[in-house]
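Have a look below at one chain only, the form predicted on its own, in structure tokens format.
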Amino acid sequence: MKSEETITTRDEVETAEAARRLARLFTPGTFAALIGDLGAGKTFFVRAVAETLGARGVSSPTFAIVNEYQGDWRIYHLDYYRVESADELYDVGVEEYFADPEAICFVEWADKFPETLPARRVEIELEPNEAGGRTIRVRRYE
């Protein structure tokens, strides 16, 4: 692990602001693993980052497994929540999404199948806090 940073927000507005500030981390070729319980704000975070990068219409890919958006760059948004096995992910072609040097890739529930994740990645862990905001842990692996 190269670095770790923790951000604490007090509400949804501050959480969105934090996501927009963190958008600088995401350039083509970046893989982001999102970790957090149901309702932790993973899709909210991806939406705020993607909108900062010019993409619109971001929604949860829970049923589709993968959504694609176009902003400043192509963005792939995957969700492992309903996936039963890593084989199912390989059948969908996750390696091709992850290897696209012209795109940014976000994966929600990434910790469900860690064996599928690239070694070089940004991990974003979201946890609701008592204030109504989030504790956001950002870990960069090189």
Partner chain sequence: MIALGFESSCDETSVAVLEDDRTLANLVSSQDFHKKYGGVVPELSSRAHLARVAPLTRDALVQAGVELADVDLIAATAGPGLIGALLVGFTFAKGLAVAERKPFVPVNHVEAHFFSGFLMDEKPEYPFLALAVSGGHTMLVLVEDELTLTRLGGTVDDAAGEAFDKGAKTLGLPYPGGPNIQKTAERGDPERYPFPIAELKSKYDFSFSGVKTALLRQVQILRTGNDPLAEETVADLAASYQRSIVEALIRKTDAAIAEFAPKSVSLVGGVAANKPLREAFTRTTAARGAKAVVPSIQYCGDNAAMIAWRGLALHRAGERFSNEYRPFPSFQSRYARDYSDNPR
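Numbering follows the first chain given and starts at 1. All values reported here derive from a predicted model rather than from experimental measurement.
This next part talks about the form predicted together with its partner chain, which is not shown.
Looking at F98, you'd find every heavy atom of it more than 4.5 angstroms from its partner chain in the predicted complex.
Heavy atoms of P118 never reach within 4.5 Å of its partner chain in the predicted complex, leaving it off the interface. Using a 4.5 angstroms limit between non-hydrogen atoms, C105 is distant from its partner chain in the predicted complex. Among residues of the shown chain, E88 is one whose heavy atoms approach its partner chain to within 4.5 Å in the predicted complex. Out of the listed residues L53, A32, V83, I35, V83 is the one that sits within 4.5 Å of its partner chain in the predicted complex by at least one heavy atom.
Contacts of stretch 113 to 142 with its partner chain in the predicted complex, defined by any heavy atom lying within 4.5 Å, are made by P128, R134, listed in sequence order.
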